[in-house]
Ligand code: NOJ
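Take a look at this single chain, the form predicted alone, given in structure tokens.
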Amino acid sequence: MKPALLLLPLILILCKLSPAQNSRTKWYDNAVIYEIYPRSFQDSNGDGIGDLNGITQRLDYLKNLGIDAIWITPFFPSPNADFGYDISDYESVAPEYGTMQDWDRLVSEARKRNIRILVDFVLNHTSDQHPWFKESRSSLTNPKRDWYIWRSGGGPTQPPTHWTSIFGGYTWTWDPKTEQWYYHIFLPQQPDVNWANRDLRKAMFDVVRFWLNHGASGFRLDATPYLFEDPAFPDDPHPPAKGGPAALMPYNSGRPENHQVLREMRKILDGYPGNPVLLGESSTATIQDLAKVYGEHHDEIQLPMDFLFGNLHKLDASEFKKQVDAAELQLDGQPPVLFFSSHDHERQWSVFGDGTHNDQIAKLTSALTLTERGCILLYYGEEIGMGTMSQSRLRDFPLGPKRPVADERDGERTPMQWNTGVNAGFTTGSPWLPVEADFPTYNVASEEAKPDSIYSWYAKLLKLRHDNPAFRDGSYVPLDSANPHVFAFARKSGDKLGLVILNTSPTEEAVTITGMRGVIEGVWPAFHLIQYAPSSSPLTQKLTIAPYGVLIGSTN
């Protein structure tokens, strides 16, 4: 029997069973978005701090790697209490990062390479140095007083509630001049804005229009669950223990009022050409809550980040399957957004590595994300195996004007490792953070020249994702491996099928792959191996896969 005939029974059944059919109508549906922490990507002027011109210099690298868009973390003027996430001017570029002219040039050069740029929009709070907040705290009658959240409480010693900040301490700070407390879910230097105020809302939407008019292809929205609070401000009946995590109860997280703001913002984007997108830092407790972030009519955030997947910290095939199946089968066919590393997450090479097989594990985890349907986020340096720097090494690095405060997340924000030269090619000056000691081995220049390097593996996966119909825009097909250490799934686009088998175990594992209603067995003769690591194996229904092995097959 011909391979095409062997595929027919599977295709007919999958067309009925898979809810995530090929619906790639927008550029972002299956995009790979590369997160850049600009302070650490490339320094163009020797001051030890990365900048916008440095990103422009590296656009050819990003194009050759195969990414579709870049998300740049905040590059606006800021006192840097939270390294850029405390913004004092939404419509300008911080001097250390460049100028608006540098931004415009970056956008122009990126467009020539078909790379889009997302701006990191901090919409929950501003810096306490922002002119809006300075006006707000100047008097009880200032027109911008209601642009932030003020309450009297019980005087200077008794805050309005005993809610706990995500960064520790009360969510309230006393202002002696006006004798009231202002609210902040994060640092005291990051007062929350009041989205219930229509003038504040208009001002924020004007920021959206400003960056869209300057060529942004959308926004990564910071801290989206925290835009509103219960106006009654009830006390927390179960406050956390002293020094414990914040208590994000229904009255200060995931409020229903958030949806209207996000719908209004989405409507603004829909009025611009090029399908600009909202990528949301949408941390949720359940997959059902994540589904709601897309909007009841899919008219809010197009790409809410799946933290249920991103917060996994153990190589566990069963847990990977559970979370991927949920994202694929319970989001009404909307594109899932999968990631492991970010500026707030320890790098996956360090999280999942065992100290011996780190490189192979890096290939394993990248295959897990880059062969999936939907939008995938990569963090700069992930593609060369950069790890999280130890706190002991960071403590030995002297603080100075380039690093006014130490941050526990410094370890995942170290300079990009470009080559074996001074400071790994990041800067000709003194870097704001130390370069990881392993840069002579893990760097772009060295790895580009090695066909078995982590970089080369990423580049191959990205090419597969762009060129192979099944992996480019195919639907997701859940499979069973009959082995708790092996995660297997398929991708389907028309009569094209892709197959992925991942061994999360340090030992060789036997696998028996079965599909929906057992019909996948008939397609095995049509599969051929296209990617593998560390060793190849015949693609049959029953096979053995090497420790931390990856097998990727295709019928086309």
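Everything numeric in this text was worked out from a predicted model, so none of it was measured. Note that residue numbering follows the sequence shown and begins at 1.
Below, we refer to the form predicted together with the named molecule, which is not included among the displayed structures.
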{"item": "The named molecule contact at residue 125 in the model of the complex, heavy atom, 4.5 Å", "value": "yes"}
{"item": "Exercise: residue 194 in contact with the named molecule in the model of the complex, heavy atom 4.5 Å", "value": "no"}
{"item": "Touches the named molecule in the model of the complex: residue 323 (any heavy atom, 4.5 Å)", "value": "no"}
{"item": "Contact label in the model of the complex: residue 105 to the named molecule, heavy atom within 4.5 Å", "value": "no"}
{"item": "In the model of the complex, segment of 407 to 415, 330 to 338, 482 to 490, 285 to 293 with a heavy atom within 4.5 Å of the named molecule", "value": "407 to 415"}
{"item": "Contact residue in the model of the complex, chosen from 137, 130, 116, 343 - any heavy atom within 4.5 Å of the named molecule", "value": "343"}
{"item": "In the model of the complex, the one of 97, 183, 90, 85 near the named molecule [non-hydrogen atom within 4.5 angstroms]", "value": "85"}
{"item": "Site test, 167, 220 and 281 vs the named molecule in the model of the complex, non-hydrogen atom cutoff 4.5 Å", "value": "yes"}
